[in-house]
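Shown next as structure tokens: one chain only, the form predicted on its own.
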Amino acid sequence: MKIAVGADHAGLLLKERLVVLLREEGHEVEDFGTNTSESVDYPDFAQRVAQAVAGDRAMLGLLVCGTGTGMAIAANKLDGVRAAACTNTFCARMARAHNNANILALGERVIGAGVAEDVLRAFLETPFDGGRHATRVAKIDALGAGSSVQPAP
């Protein structure tokens, strides 16, 4: 599977560790940086990864910053992106199964490396459940496309 990855300076070390893991597990990785510990702006890297995922250049994405929150917020500004900041495997599985999340955001300052590896594996291995969740995901996607969502009856 092709996975787009990116991080800011606060997520650099965890990103590098997870890139090694992804490659060891047979995934193709496109690394959009950063590759330095110098301070950078996380929205720049979130945008690059989100564009790759939304443009079908990558199947899924991985973003790492200090908390994962900023990266997820920035990535979710792009149509077709459903980024989820997760700190445990249950959240990662539900993000994929119920929300069809296509980008995982992690926080190097809030999650240990071993847990991050488990969260990433859970995210990658969990399929979207579809069914009733597909209707909800379509409503989420419609919000990003600027169309109105009909209120529930």
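Nothing here was measured: the structure is a model prediction, and the numbers come from that model. Residues carry their position along the shown sequence, with the first being 1.
The same protein also has a form predicted in complex with a small molecule, omitted here; what follows describes it.
Engineer: Taking a heavy atom within 4.5 Å as contact, would all three of T87, V119 and A122 count as contacting the small molecule in the model of the complex?
Structural biologist: No, because T87, V119 and A122 lack any heavy atom that approaches the small molecule to within 4.5 Å in the model of the complex.
Engineer: Counting only non-hydrogen atoms, which stretch in 91-99, 45-53, 64-72, 23-31 is within 4.5 Å of the small molecule in the model of the complex?
Structural biologist: Comparing against the small molecule in the model of the complex, the contact stretch is 64-72.
Engineer: Looking at the partner-bound form in the model of the complex, is A10 within 4.5 Å of the small molecule by any heavy atom?
Structural biologist: Output for A10 is yes: heavy atoms within 4.5 Å of the small molecule.
Engineer: Using the partner position in the model of the complex, report whether R57 sits within 4.5 Å of the small molecule, counting heavy atoms only.
Structural biologist: Flag for R57 set to no.
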